[in-house]
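Below, in structure tokens: the form predicted alone, a single chain.
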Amino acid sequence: MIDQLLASVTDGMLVGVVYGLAAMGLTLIFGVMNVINLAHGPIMALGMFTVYLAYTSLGLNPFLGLLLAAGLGLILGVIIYWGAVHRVIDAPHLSSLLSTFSVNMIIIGIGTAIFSTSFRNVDYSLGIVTIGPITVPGTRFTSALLALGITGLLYLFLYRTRPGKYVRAVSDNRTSAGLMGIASNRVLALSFGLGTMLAALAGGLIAMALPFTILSGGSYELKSFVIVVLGGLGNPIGALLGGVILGLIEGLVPVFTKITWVPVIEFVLFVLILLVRPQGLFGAKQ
């Protein structure tokens, strides 16, 4: 029983780090511009298919395919910002919700026409990693390490580079940043692009572990919402920790009861956090 618990905890943490990376993209966009991106899930699905096609059609290592997914996510995010978000960013929140939801439906519609809704999987393995009594798939272990590395790079970008400081300045006060000569609209476009890039990267990492369809992003989008509420809206590090918590729930619950209880427990927790601590366990952006 102890070995099973250790294995479940380890597996949950590894998956949770990738979930946290996905949620980080969602909370970054909200933290900078107070926009909830409802196209988050389909962009994750595009990341999955980018890695899949890079591996099956181009013969690239799936981890190299992540570079293509990152580039696609960044470019697509900038396009979505200028095409669907820019004009409604100062409008009531419902406007940006409907705008990004429209993008959601467009991506799903085009994706379904091209890929259908058949399941795909990236048949790639790095063997088994053994840590004491625990064994985990090498791809899952490597994916978690990459997700942590990407998180570290995001932190360095935000706190050690000039564009990152611009992003934080616009996040704190867009008007004051503009008065200081910062091109706020360009920074917002970059921020949206970074958020969608993180979503595409997370999707690509998930594709190496689980089967997927063009519709798979929807379930991971819901998980991302649970995570950002756990971690605090606009708090990227909180999103990572919230992802680990959600991963632990998914790893431990099936040990004690049926796996069908997992989403029930996740969304009960979601409601409880909203009622008891709406700023999240680790504090929301002020």
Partner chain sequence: MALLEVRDVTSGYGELQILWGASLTVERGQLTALVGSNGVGKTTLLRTIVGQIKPWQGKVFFNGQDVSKLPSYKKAEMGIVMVPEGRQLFTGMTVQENLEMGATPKRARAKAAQNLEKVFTIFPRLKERATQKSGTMSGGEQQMLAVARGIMAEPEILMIDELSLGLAPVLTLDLFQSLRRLRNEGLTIMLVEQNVRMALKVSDYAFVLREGKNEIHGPSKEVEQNASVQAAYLGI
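Please read these numbers as outputs of a predicted model, since none were measured by experiment. Residue numbers count along the first chain shown, from 1.
Below: the form predicted together with the partner chain, not depicted.
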The partner chain in the predicted complex has a heavy atom of only one listed residue within 4.5 Å, and of Asn173, Ser95, Ser116, Thr142 that residue is Asn173
Please identify the residue among Ala177, Leu72, Ile108, Ala189 with any heavy atom within 4.5 Å of the partner chain in the predicted complex. Ala177
His86: touches the partner chain in the predicted complex, heavy atom cutoff 4.5 angstroms: no
Would Pro133 count as touching the partner chain in the predicted complex under a 4.5 Å heavy atom rule? no
Heavy atoms within 4.5 Å of the partner chain in the predicted complex: does Val78 have any? no
Should Val129 be counted as a contact of the partner chain in the predicted complex, where contact means heavy atoms within 4.5 Å? no
Only one of these stretches, 161-169, 133-141, 192-200, 206-214, has heavy atoms within 4.5 Å of the partner chain in the predicted complex; which one is it? 161-169
Relative to the partner chain in the predicted complex, which residues of 182-204 have a heavy atom no more than 4.5 Å away? Ile182, Ala183, Arg186
